[in-house]
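One chain follows as structure tokens, the form predicted alone.
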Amino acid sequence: MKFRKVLFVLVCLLTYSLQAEDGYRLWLRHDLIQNKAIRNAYALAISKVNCQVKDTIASTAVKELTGGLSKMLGKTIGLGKVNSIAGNINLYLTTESVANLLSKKGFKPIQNEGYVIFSDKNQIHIVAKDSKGLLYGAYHFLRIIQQEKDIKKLNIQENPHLQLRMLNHWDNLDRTVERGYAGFSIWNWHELPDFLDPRYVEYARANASIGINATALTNVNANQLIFRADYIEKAAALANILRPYGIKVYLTARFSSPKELGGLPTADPNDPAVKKWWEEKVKEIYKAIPDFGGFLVKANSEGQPGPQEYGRTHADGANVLADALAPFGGNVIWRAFVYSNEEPVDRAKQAYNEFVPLDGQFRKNVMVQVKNGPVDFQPREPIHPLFGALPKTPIMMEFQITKEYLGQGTHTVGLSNLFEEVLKTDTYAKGKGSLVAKVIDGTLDGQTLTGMAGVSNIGTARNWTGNLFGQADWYAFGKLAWNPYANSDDIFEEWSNLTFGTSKKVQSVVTNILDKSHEYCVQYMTPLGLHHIMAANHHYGPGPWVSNMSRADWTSVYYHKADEKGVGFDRTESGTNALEQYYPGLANQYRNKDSIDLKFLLWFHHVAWDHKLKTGKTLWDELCYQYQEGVDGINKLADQWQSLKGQIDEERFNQVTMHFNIQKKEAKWWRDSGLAYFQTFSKMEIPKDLPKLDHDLNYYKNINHPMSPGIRPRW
């Protein structure tokens, strides 16, 4: 009997060990510290946690601290008295005397949700202005221990630069996920509110640990059912789980809901009955969710209903919702991703044309959410011209964490460099130094309502993101939403340490993969400023030949404009003059095809195939070499990953290996398809020192993936 019990325990431990290394725990891997000397030093310094604050979020902070520390130190970390600050780790809020003490120590005033961590006389103090700050400070301290850093002379201050740090789920009520590549939606609306998946708590922990404080639960291509009483009850059940982790719930609002759900003859925002309907609906929501955040709205774009159907503006539409939310402190987030039913001369110009005349007309609780670039989350785009162009309107950044156009779930592409490139681009809106980061954090124009949103890459995949390295993109988004001036290198290093341990060899390889993979992806997909040349509908794989769509601006040929003379979209004065939407300091960087940074060349210029670039190569040759550099680069990264065999647990190592094997094939597929197609126009040979194409153009055109994940549902 004793033998059986021992065997049972061993089997259980083995099973746990196997499950524990499948990626489910993300970066919250609070394992026992293996270095005994370091562990013992921590154990001597830390014995209990005291907290002066007694509320739900502060209790979560204490729970996370005691639980995580107990696991990492191999001993039980107890609780002190609520009103005591005599323990090893002390959590408390600022008072006047505390603020004076912190000031003497050189700390600046603590802002909402910010915190200070400092060591003093063998004690560690986590001080905040509010309970959310205590929670974020607790997670920061856990990261310090997890990375085995010194705690004797802590002197840390963190204040969030952005108020609203938000995930946008493009999740539908039937659990499909638009542009999702990690399984189905984690929200099981059918079984809510009665069945509460434990995964919801783990989701909350992961987001809170990186400072995310809001989530929009539903797709921007909204369904009016979310406002039905039973679905409000379901959303309230999720809000109850997220609340202890400082996360507010937002819902996407279908603009036509007063008609489709309320039975009104119109959804005209100027109609008194429509205004009344929204007021009553908002009251109903707040009764169920007292801390409800507000509405995220996609209107008059891609067939979604909106105020323009009634001759009203985006401001008219946003303001009717904002007025209903204002008494409760709620916000409207109105997306600027719009393009009309009439095909524009240049789709990249439309959002600017529609929103700039409305600057200053939105209510104070309205934010305009702007994608990082003017087309649609391409592998690389110049910044959106709206950044800096709406000085009287709060602007919220929208990044895509899910990789709709970057290989989806099969490619390892570190997105932090993409995000950082955008945030640190100078708009020149108020002269040199007018960074995008300054636009969205409010410092450029004195805005007080600030935020950043990321389109979620989370699903029911056991490791949350499908591709294991997708976790790094989620993590990086949270860190940059907290501090848009952060450096990607620091984020890569921290994520590697928390996810794979503190081995310097592992850290070196993992951070190099995250650092180099985005540039390589751009090269093998859309080099030299090419864009929107993916396959139609599902967007999986290359499709530069796509031409037969119901709208010209849904095709690839609309964007690359390849002909026998050359390739590229002329957005200079001789073309659509999209350049005029940028401030001169930035526009001048793009105006001349011979001086422009080559990464944006074909975005702004139609260039002859034989035109000699500043690299000394013709455009055609440079295009060929760029494509190949991307393919070669990914092969190198895959080889580097193989050098970690035996240093990373087998299951996660194999996950990444298999995805790299797919990516290597698909990088070559992108390269060969692009060159086969563009060669029909250039009539030029591929340089002799580069590999030839494996197949002709028809072969690549006939590759078909009708069941690719993430296709937009058609109801």
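In case it trips you up, residue 1 is the first one in the sequence shown, and so on. These figures come from a predicted structure and were not determined experimentally.
Below, we refer to the form predicted together with a small molecule, which is not included among the displayed structures.
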* **Partner contact for residue 480 in the predicted complex: the small molecule, 4.5 angstroms, heavy atom** => no
(Q) So in the predicted complex, is the small molecule close enough to residue 221 to count as touching (4.5 Å, heavy atoms)? (A) yes
| task | Mark residue 281 yes when one of its heavy atoms lies within 4.5 Å of a heavy atom of the small molecule in the predicted complex, and no otherwise. | result | no
Determine whether any heavy atom of residue 178 comes within 4.5 Å of a heavy atom of the small molecule in the predicted complex, and answer yes or no. yes
Counting only non-hydrogen atoms, the one stretch of 88 to 96, 295 to 303, 317 to 325, 562 to 570 within 4.5 angstroms of the small molecule in the predicted complex is 295 to 303
From 170, 227, 469, 475: within 4.5 Å of the small molecule in the predicted complex by heavy atoms is 170
In the predicted complex, the residue from 125, 606, 539, 438 with a non-hydrogen atom within 4.5 Å of the small molecule is 539
